[in-house]
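The chain below stands alone and is given in structure tokens; this is the form predicted alone.
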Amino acid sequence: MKLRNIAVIYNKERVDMLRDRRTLFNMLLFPLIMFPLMTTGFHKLEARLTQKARQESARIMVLGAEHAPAVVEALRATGKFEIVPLAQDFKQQINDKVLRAAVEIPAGFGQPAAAADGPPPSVKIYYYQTELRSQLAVSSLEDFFGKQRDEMAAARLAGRGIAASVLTPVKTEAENVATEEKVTGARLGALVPYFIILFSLMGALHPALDLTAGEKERGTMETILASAVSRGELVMGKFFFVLTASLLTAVISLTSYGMTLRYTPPRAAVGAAGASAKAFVASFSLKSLAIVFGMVLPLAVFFSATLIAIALIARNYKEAQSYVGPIMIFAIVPAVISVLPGIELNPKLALIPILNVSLVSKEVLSGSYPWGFIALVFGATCFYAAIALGIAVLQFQREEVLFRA
């Protein structure tokens, strides 16, 4: 097997592929624009919709308003709520999104402080879980009644000559001692390997199909086989180009993702209780990124060789697409499993393809370097990649596969 012949095949495929607009879009343009559009565009749209929902007056219904008319007037005075007349079907109205929430005020809520001994009254809030405007209404109602609770407690204590500070005898303070790299790794450590795996597969997909099934469909496979290069040199030249496309797409995608994270302005994320989360900036070290790239390299070899071996069976490009569909699921499912909470690297999981790379990369990006697992995962992935590459080479030796009509 001559390296010169492999290089000739590689350069031939490179020139042909770079003339294909679909390849350029999949390898270069799509990875560059996807993350800015998905991250910045989605965040801006989410922030705009959330801000619009916050500015709207929430339609609510008050059950038992006669028990605390002053509280009802205070609710109306906030300007955040539109109180509608009482109706029996308030739950259905919430489900139909006519109402955002309903508040049930029990009897005895408005009793004077001196007579309010015994179990405290319970205010019940009815709402539509997962519906944004209903959750915002609940958040505002909880804030309102939280202030009412504090004022009532302070009034009762004052009536008995007790300072309000007696309610908070102890304060707790939490201080984060984890490094920024570990915090970032815990948050993004599972997402980054997922994107690497996904885009390394996507980068290899189109070239692998075009250089095998596409060649057969165009009728140029016979011409290439009649050249002076051996079949082993032919498959290696094609394989190295598919591998280059896979790695290039992954690197461009990660670069785009990193730059998007770095320059995206902080935003507030609103949850069911109105809690906000601060944005963070990725601070992965060059050492961790280099190790992750080294772990992904044999995985990209595995993807490229597997796609070539499978696509070569097909008669044409369309048939090859149907064959590689399950490969996408095979690759994505283990990567998604690694994102689930409670899934941690162990000797058994270290032998499962794709999942092992995703889990060990998550550990590395969080600042932990389990060298034993790193070596085990790297060795196992290299073994699987060698098997896939061997199968791809054997496929090019089979006449019934190359000339399947």
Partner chain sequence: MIEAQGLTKIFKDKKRGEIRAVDGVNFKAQPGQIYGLLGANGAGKTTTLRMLATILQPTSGTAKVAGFDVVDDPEKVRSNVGFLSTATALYGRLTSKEFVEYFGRLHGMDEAALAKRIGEIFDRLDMNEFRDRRCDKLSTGMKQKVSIARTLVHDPPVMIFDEPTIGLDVMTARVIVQFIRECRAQGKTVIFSTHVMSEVEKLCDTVGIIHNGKVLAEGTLPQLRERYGEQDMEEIFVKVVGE
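These numbers come from a predicted model, not from an experiment. Positions refer to the first chain, counted from 1.
A second form of this protein, the form predicted in complex with the partner chain, is not displayed here; the remarks below concern that form.
> So, in the model of the complex, is residue 17 in contact with the partner chain at a 4.5 angstroms heavy atom limit?
Residue 17: contacts the partner chain in the model of the complex.
> Taking heavy atoms and a 4.5 Å cut-off, does residue 228 contact the partner chain in the model of the complex?
Taking the distances in the model of the complex, the answer for residue 228 is yes, it comes within 4.5 Å of the partner chain.
> Can residue 130 be called a contact residue for the partner chain in the model of the complex at 4.5 Å between heavy atoms?
No, residue 130 sits far enough from the partner chain in the model of the complex that none of its heavy atoms falls within 4.5 Å.
> Since only the chain is shown here, I'm wondering whether residue 393 would be in contact with the partner chain in the model of the complex (any heavy atom pair within 4.5 Å).
Contact with the partner chain, no.
> Just one of 291 to 299, 211 to 219, 331 to 339, 244 to 252 has heavy atoms within 4.5 Å of the partner chain in the model of the complex; which?
It is the stretch 211 to 219.
> Ok, 223, 176, 322, 122: which has a heavy atom sitting within 4.5 Å of the partner chain in the model of the complex?
Checked against the cut-off, the match is 223.
> For the stretch 1 to 17, which residues lie within 4.5 Å of the partner chain in the model of the complex by non-hydrogen atom distance?
Going through 1 to 17 in order - heavy atoms within 4.5 Å of the partner chain in the model of the complex - the hits are 4, 5, 8, 9, 12, 15, 16, 17.
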